[in-house]
Every structure is written in structure tokens, then in C-alpha cells.
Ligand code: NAD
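Here's a solo chain for you in C-alpha cells, the form predicted alone.
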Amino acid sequence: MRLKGKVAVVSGAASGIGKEIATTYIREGANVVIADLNQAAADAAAKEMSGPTGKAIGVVMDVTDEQQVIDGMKKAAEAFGGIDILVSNAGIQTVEPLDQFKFADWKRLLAIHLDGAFLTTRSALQYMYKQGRGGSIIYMGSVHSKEASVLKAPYVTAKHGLIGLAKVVAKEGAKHKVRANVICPGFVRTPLVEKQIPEQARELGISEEDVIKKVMLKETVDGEFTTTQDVAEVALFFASFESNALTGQSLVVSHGWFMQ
């Protein structure tokens, strides 16, 4: 029960990696707020997860909407008595050559990943600083926080940006015992990645099987996808590490796709 009594807000948590993290946190004793665009999906996930070790509630949250973020974080703090952990996980992917990328698509992706991270972080920090019991901010980066791939210009840009944000939060938050770190997963077979397979096959002129073997998993040591549970275990590690010894860091979880 490494998170007993803690309160976590996880954005984009009605499915995929976010849902796995929320489930893991509840297993370890936390109460979790499932923040998602879809209120019904958030409520359903919260109902499914709640149990004897921890409770969950759903809140609707468009992370690019300042007022929705403020209201959602207030609801989280009121429901469970504060906020100890924020996992900024909400994200999208758009695959297209840079010379053809629509400006509106560029702005939308950066808004969700970077504006969303800023807005949720700012709100969470206000509660964490006031509470005086420290806290953990965790950003969902990517191997693309470290390395580039074709067809993913705004995604690579945004994921690199999260590392910079985490470093600033780590420095500013240290005196309040608030830590900030970034998880950098390799390819996880979520709906986000499933959507990319036919898109990349079309853009690269290769088969979907070759996208998986020769693009997504080519650089791994074992030809395996990273799992949602792999990522959730790292999120648990960052959330449960109580001192400033581990802050401002990024950890790659990618079956060796990227090695530092």
C-alpha cells in the first residue's frame, strides 16, 4: 500500500495508459480522480476501479479549457481532501509529413500536450503548496521526448517540451517538497498507437505489418511492445518516492527502443 491515503488526479484516465495507472494507484491505497473529456466514460471507469483499497470519482476535464481544469481540480480536492499526485497523461497523435501539416492540427496537438500540462500543473501546485505535505507531478512523455521520428513533428516537439517543464517544476517545487518527473514509454499498443499503424502504412507506402516490425519495434531489444502495466509501475515508482532525490528526471520504458 505504497500510496495509502494519497489523492491522485490522472488526466485521460478513462482508457489506455491513464486507466492502468489509476487502477494501480487504487490498488496501492490511493483515492483517484479520473479526469477525462467524456464524463460518462470517466464515471464508468471510476465505478469499475473503486474498491476496498481506494475510491475513484470521475470528472469531466478538457485539459485545454482553463475553467474546466480549475473546476475539475477543485472538485478533486473537495472530494478527497487535497491533491498529492498529478499524472498529466491526456494526449493525442496526428501523423502527417511536416510540409503538409495543417496549422490547426499543430496547434491542437500542442495545446492538449503542453497547455494541458501547464494548466493542470499550475492548479495542482496551488493545492500542493497550500497543503504543505509535498507532492508528485508526473508527465506522460515518450521515447519521442528523447528522439525524433518522421511524420510526428508536433508530437515530438510537445514531448520534448514536457521534459523542460518538469525541470522547472522540480526547481520551483523543491522547497515545497513537490517533485516532477517524466515517464517516456516506447510504443504501447493503445488505441492511440493502433490508429497510427494504418496512417503510417499509407504515408510510408509499406504494409501495416512492416510498420509494426520495421518502424515501431525495429529498435527494441526483443521486438515487444511496452505494456500499460509497464508504464503504470513506473508511475507508481515516481509517485511513491518521497524525497527530492528523484526529481527533474525522465525515465525511458521502451524495451531498449531508446537507450540513454
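One-based numbering along the sequence shown. Remember, it's a predicted structure, so these values are computed and weren't measured experimentally.
The same protein has a further form, the form predicted together with ligand NAD, not shown here; the description that follows concerns it.
- Considering ligand NAD in the predicted complex, the lone stretch of 43-51, 190-198, 206-214, 24-32 in range is 190-198 [heavy atom distance within 4.5 Å].
- A single residue from the set I112, A153, I163, L125 has any heavy atom within 4.5 angstroms of ligand NAD in the predicted complex; that residue is I112.
- For the candidate set A148, I92, V168, A79, a heavy atom within 4.5 Å of ligand NAD in the predicted complex is found for exactly one residue, namely I92.
- With respect to ligand NAD in the predicted complex, the three residues S136, G173 and E233 uniformly fall beyond 4.5 angstroms at the level of their nearest heavy atom.
- Proximity of K159 to ligand NAD in the predicted complex: non-hydrogen atoms within 4.5 Å are present.
- Ligand NAD is not shown here, and in the predicted complex it never comes within 4.5 Å of any heavy atom of S250.
- Taking non-hydrogen atoms only, I57 never approaches ligand NAD to within 4.5 angstroms in the predicted complex.
- Contact annotation: K107 falls outside 4.5 Å of ligand NAD in the predicted complex, judged by heavy atom distances.
- In the predicted complex, the residues of 119-151 lying within 4.5 Å of ligand NAD by at least one heavy atom are, in order, M140, G141, S142.
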